[in-house]
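One chain comes next, on its own, written as structure tokens: the form predicted alone.
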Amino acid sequence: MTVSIWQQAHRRRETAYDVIVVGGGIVGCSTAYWLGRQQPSLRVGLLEAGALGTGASGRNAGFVLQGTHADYRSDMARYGERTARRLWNFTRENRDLLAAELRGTAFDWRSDGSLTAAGSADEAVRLRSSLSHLRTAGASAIYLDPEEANDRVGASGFEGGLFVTTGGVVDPLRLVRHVAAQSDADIHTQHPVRHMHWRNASVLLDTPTRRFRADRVVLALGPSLPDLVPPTSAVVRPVRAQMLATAPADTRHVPVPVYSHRGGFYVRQLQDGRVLAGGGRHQHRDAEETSTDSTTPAVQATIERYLHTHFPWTQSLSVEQRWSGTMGFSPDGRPVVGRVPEHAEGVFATGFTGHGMGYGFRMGRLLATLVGEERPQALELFTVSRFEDGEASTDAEASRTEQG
């Protein structure tokens, strides 16, 4: 992109803030929101390369689930029971904060529960065996046998499922915009940050038409983070997700979000009857390890086959829209938070592994606290130092499990 003489003159005039947040998704907008709540005197600016919610935050299914992308037994085996429980509680706090802090009607908030459905007998065993551990963690959950699970969501072929009463759904794009509007930050869209320059105790951020300066910066970015902080390439990689939306059905058969096949597929039905379905990535892994924003016939056919198999009444519904989005995946399936190497005034958060709506609002509060030079207790769940210390699992195959 070229720069005109008028733009160049404007660019020379720095716009200064106490804190600049880079990234206009759910994590960035939530960080700006909580900075205003925790430290109202701060001057906060938010820079977004496109429009708010342009990336993964505006392209997902809008599930607000508790826990990670995996089932609870898998989390216990991978992270240990204490960490699995703390991750569940963190995401439960995220859900509760959304309900308590914000006006839910602004983003179609519904919390009628969620169903994690078993796509196989083995998965059913895992889900059933998770129940007692989930209840110990404070989760309100019940196990449904195959008939009950299928009847609950107008489906067939599921082998059972866990119904969690606190599961919720939102319109994710409206949520992002609402959180931004409720913050006290100056929002600058269409301002991609091309360069960061660290000068003494401040940072300069250059966009194609303007320069910004701040004492501190929060980088709430997905797989694009390494473009600004190259060392983070080891903790986040791009992965594509694909979805589709059908024409409206006459009846709402699916009253709650459905997450099945170890997170490999996910379905919800909107109030107007349209059905959203996504996933299928686990059957096309190599092709979906990309940041290219496009759908593919193979993955779309996989999603349709799943939808028509488990929700046969959708076979008569035409597909009205198909889309994709790029997410940032971490090596061990947990978000990654840290300080920019050699620059303590910079903080980053990335690698939400397709589960950003489940973490994002609460993560914004954690980042706002971290900017204030305090060390939040929950930080140890996400700190980048876990990779340096060898704590994190390096099971790359497990980290590629699908998300909703």
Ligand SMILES: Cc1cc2nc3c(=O)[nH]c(=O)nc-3n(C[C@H](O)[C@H](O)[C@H](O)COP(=O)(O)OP(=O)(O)OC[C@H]3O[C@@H](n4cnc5c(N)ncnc54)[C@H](O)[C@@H]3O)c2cc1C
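This is a predicted model, so every value here is computed, not measured. The first residue of the sequence shown is number 1, and the count goes up from there.
Another form, the form predicted together with the ligand, is not on view; read the next lines as being about it.
**Student:** For the spot marked by 127, 264 and 333, is every residue within 4.5 Å of the ligand in the model of the complex through some heavy atom?
**Tutor:** No.
**Student:** Among the candidate residues 106, 173, 228, 270, which is the single one with a non-hydrogen atom no more than 4.5 Å from the ligand in the model of the complex?
**Tutor:** Exactly one residue meets the criterion: 228.
**Student:** State the residue from 340, 379, 42, 49 whose non-hydrogen atoms include one within 4.5 Å of the ligand in the model of the complex.
**Tutor:** Spelling it out, the residue with a heavy atom inside the cut-off is 49.
**Student:** Would you point out which of 51-59, 340-348, 369-377, 34-42 contains residues with a non-hydrogen atom within 4.5 Å of the ligand in the model of the complex?
**Tutor:** Only one stretch qualifies here: 51-59.
**Student:** Within a 4.5 Å heavy atom cut-off, is residue 154 in contact with the ligand in the model of the complex?
**Tutor:** Taking the distances in the model of the complex, the answer for residue 154 is no, it never comes within 4.5 Å of the ligand.
**Student:** Does any part of residue 191 reach within 4.5 Å of the ligand in the model of the complex? Heavy atoms only, please.
**Tutor:** Yes - in the model of the complex, heavy atoms of residue 191 and the ligand come within 4.5 Å of each other.
**Student:** At 4.5 Å between heavy atoms, is residue 325 in contact with the ligand in the model of the complex?
**Tutor:** Within the cut-off, so yes.
**Student:** Answer yes if any heavy atom of residue 275 is within 4.5 Å of a heavy atom of the ligand in the model of the complex; otherwise answer no.
**Tutor:** Contact check for residue 275: no, nothing within 4.5 Å of the ligand in the model of the complex.
**Student:** So which residues in 336-369, when you check the ligand in the model of the complex, have a heavy atom no farther than 4.5 Å from it?
**Tutor:** In sequence order, 352, 354, 355, 356, 357, 358 come within 4.5 Å of the partner.
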